[in-house]
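In the form predicted on its own, a lone chain appears below as structure tokens.
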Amino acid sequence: MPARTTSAESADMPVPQRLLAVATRLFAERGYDRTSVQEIVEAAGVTKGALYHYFGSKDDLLHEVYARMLRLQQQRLDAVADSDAPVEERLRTAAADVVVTTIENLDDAMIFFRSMHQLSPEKYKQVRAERRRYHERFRALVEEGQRSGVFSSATPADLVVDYHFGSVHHLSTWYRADGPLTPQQVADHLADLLLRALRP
């Protein structure tokens, strides 16, 4: 039975966004490898030609599912990191924000971490570079606090960053919208754990 467009994938939506919304839903429901280009275009109500006009391949759609979330997170991290707030406040805000934005885009995160190994080598390398840029900016906040004595230097900054992002990357395996904690509560708990680990 062909997939149908949902209200979140309205025909009024511009074609690239509609294709992305449909692909995200189908990848989440069926898996990337079990979703065909034909199923995506049928559900979006467009032709294959339209898909290939905006996205060169199904691989490009998978890349864009994650890249749009990472762009949002990078913009927000840059704004926080560039602010005049004390470094402890900037790190806590950044640590909580990446949790909230991941939960708000949980399908995107789940699809990506489940399917990233299916990206072409070129796209995989591109994504790793984009993620590395984000992690390096986040790590710079930890290092700034360690240099100024606000944070303990007992644990290397790289390990601190890996610890936090390990928790973030596993959100899609356990977080449920109908669970006992709101996205902000989860974010606050994980940000507090990070700052406690850095306390001098």
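All figures in this text were calculated on a predicted structure; none of them were measured in a lab. Counting begins at 1, following the sequence as shown.
The same protein also exists as the form predicted in complex with a further copy of the same chain; that form is not shown, yet it is the one meant from here on.
The three residues G166, L190 and L193 all sit with a heavy atom within 4.5 Å of a further copy of the same chain in the predicted bound form.
Contact annotation: of the candidates T47, S148, S36, S152, the single residue with a non-hydrogen atom within 4.5 angstroms of a further copy of the same chain in the predicted bound form is S152. a further copy of the same chain is not drawn, but in the predicted bound form it has a heavy atom within 4.5 Å of Q118. Proximity of R132 to a further copy of the same chain in the predicted bound form falls outside the 4.5 Å heavy atom cutoff. The closest heavy atom approach of R114 to a further copy of the same chain in the predicted bound form falls within 4.5 Å. Although the partner is absent here, G56 sits far enough away that none of its heavy atoms falls within 4.5 Å of a further copy of the same chain in the predicted bound form.
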